[in-house]
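Following this are structure 1 and structure 2, which are two forms of one protein chain, each written alone as structure tokens.
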Structure 1
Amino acid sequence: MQFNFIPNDIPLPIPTGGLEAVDVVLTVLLVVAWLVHILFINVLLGASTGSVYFNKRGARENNPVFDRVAYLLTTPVTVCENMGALWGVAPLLLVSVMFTPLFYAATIMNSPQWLHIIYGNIAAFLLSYLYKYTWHKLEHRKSLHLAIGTAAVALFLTLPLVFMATVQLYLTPTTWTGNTHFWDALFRADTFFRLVHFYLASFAVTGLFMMIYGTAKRKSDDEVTRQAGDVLVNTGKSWFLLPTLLNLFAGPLVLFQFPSYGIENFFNAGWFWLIILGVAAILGAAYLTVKDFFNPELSKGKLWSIVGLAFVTVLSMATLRHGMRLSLTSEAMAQAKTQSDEFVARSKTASDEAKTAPKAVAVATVSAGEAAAGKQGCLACHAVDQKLVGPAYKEVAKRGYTEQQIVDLIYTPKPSNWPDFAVPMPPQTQVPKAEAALIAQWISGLK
């Protein structure tokens, strides 16, 4: 497989100390940190949407229980937005160091839109804080409060667009042209199906979270909070079930959108067993939920069986995702490595040549003033008898300045003396006094 556009790798070693084991550690860290990050983000998206939804229902039906559900959901939002961002840093670090040429190339192609993950996120954070901390102040101005909440949710929901476009792009270097850009990556079928799968999974995970959170809130001393707990558990069941079922269809669409060499590598390496495991576990979890769907009492044992099975699925998904990452990128990474090894070898030769090349012998006839003019950078702009950036020194000499005047002009040029020059001479404050005098002497002696 030959890729047309693969950057070289960074010409410094990946800091594993040359140990295989450290490579494995990095991989495990990547899979785990990424999974934790995604779970936080899932709940962030689901819970912030849920909060606005129940806030609205509470206002419309004048139902304090729904209002309480909505308010309770703002705490996981605060925790998940902070922890989600934090746990996004680790995968970003790891992907950046393990897949540098591919990942960096993709983020650059997707820029400046890639910066939305910073600025869009800041705006969403601030709006979500505003939503939370004006809850009681804006009690009687619900439409304003809902507008703030909706804006925060809408912003949060745009962030995965940018992430997914970048992830899909770095995984598929076969699709790169010299001129690929963000919108190309965003409006691709593979990006689309991944997004569908991801948004659905977010609601499913939030459903599970609601069941746990609701079960905890049922033990509250406060009657309204206890009822809110019931609502959370019941809502959680359907939020978990429906998206999960839809994802059984979206999943295969995601898989088969990848370039065929990647799918082949994936199957040949046996990663597909994890798909079977994941699907089996989630079907188990769904079955348990359906069985107790109309049973308001969800026992602790049942709850944790459901969560445990779903966790098996999530873990196998995260692992097989890494399998797909390797299947798609290992050849491109190998090419990057070959390219940069060759580059470094050529660079070493050129550098050795340069070190041993005989130094040009300085011409002895140059006067001290001219040498100083060269050393101080005057000759970057001036020549003796040719107009360059500045006037020829012979022309300057014709003006009949005293040496002291020339010295002063070096430190404080007077562009008005030379109206034909569009860019004025910058003050040459780097020149020591003694050298300025030598240069001035040299210039005024030119005829």
Structure 2
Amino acid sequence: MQFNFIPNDIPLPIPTGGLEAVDVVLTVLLVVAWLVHILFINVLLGASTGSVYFNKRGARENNPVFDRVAYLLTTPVTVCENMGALWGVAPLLLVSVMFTPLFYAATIMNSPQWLHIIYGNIAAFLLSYLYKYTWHKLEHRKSLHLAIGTAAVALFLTLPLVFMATVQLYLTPTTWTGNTHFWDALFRADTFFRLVHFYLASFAVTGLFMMIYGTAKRKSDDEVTRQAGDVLVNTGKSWFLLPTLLNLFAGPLVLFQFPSYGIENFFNAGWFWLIILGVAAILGAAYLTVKDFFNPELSKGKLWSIVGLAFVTVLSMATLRHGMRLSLTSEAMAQAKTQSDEFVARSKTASDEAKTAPKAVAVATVSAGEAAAGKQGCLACHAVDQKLVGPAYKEVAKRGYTEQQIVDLIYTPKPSNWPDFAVPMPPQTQVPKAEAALIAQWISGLK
């Protein structure tokens, strides 16, 4: 299979430190770091939503128990938002090292939306802390308090959209075009079903957490807190059971939305056995939950049996997720390596020929336009007569652009004009107009 838009980036060698199995170590670190990160994020989304829900319900019914449940859920929210962000750095770094050409290109395609990860996270963090630490001060202004909590939840729920669109892009390089961007990836069926699966999993994991958290709170000396523990356990059963059963239908929809070559590689490598293991374990956990669904008491033995079976499923899903990653990207990564090796070989040949070639008597002078292009960093991505990250300037000149059109393209690039290049040129608004005119004049003269 040919991947038409894989960048020609030269891969950097990964230091092994004498450890031959470095790929295995990185793989284990990636699976474990992602698993820890995603569990914190799951509870963050579910607990923040649950807190606002019970807060509103407590205010509407004037029920102090529901209000206490909502307040208790603010603690895991603030813990999970910090731990989720902390542990999220590791899988991002590992993926960017292990799958550099694909992840780098996908991130560039989504570059404007990645800002939402930064500023959206900051705003959501601040709002969630404001929501928690003004609980008693705003108890008589519930509308304002609920508005703060709802805004935080809305922001938290939008952050996975950017991550999922980027993940789906780097996993499916066959879908890339010269003008692929965030909205293209977001409104695809494969991204949609993965988001559905993720959000359902978030509430299922939160349901498990509620059962554990509620069981602990049942031992409190405070009567209202003990009753809140009962509500947490009973709600946790529903939150775990319903999303889990729905995900038994969403999971296959996620799997079969991937490109056929990836699915074939996945099944040929035997990764599907982890699906069977995960489904069997989660059905066992669901059975135990249903068996005691209407029983207000939940023994420790039964609770930890449910949690243990669910963890087997989560671990299986985390591992087979990496299996699908390898199944989808192995061919593209092999092509990227081949392209890089060829580029290195051509560069070495050109360097050797330059060393043996007779030296020119005269030294060519650099024009003002070429000097300006070098000063502004244009030559990092463009050469005069060689294709780099962007097209050669002689190829640009052949298009017959006027100098003013070239100036306009410096400030407002049109990637659709060059569909053979995977990485779109960002606007170069930092270039002074006088230097842009010199650059345009120089490029026009290369015809």
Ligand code: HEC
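Structure 1 provides the reference sequence; residues are numbered from 1 along it. Computed from a predicted model, the values in this text were never measured in an experiment. We call the rigid core the largest set of C-alpha positions that still match within 1.5 Å between the two forms.
Structure 2, not structure 1, is the form predicted on its own. Pro64 shows a C-alpha shift below 2 Å between structure 1 and structure 2 [criterion: core-superposed Cα displacement of 2 Å]. Ile410 shows a C-alpha shift of 2 Å or greater between structure 1 and structure 2 [criterion: core-superposed Cα displacement of 2 Å].
Taking the rigid core as fixed, one finds a CA shift for Val389 of 2 Å or more between structure 1 and structure 2.
On rigid-core superposition between structure 1 and structure 2, the C-alpha of Tyr401 is found to move 41.8 angstrom.
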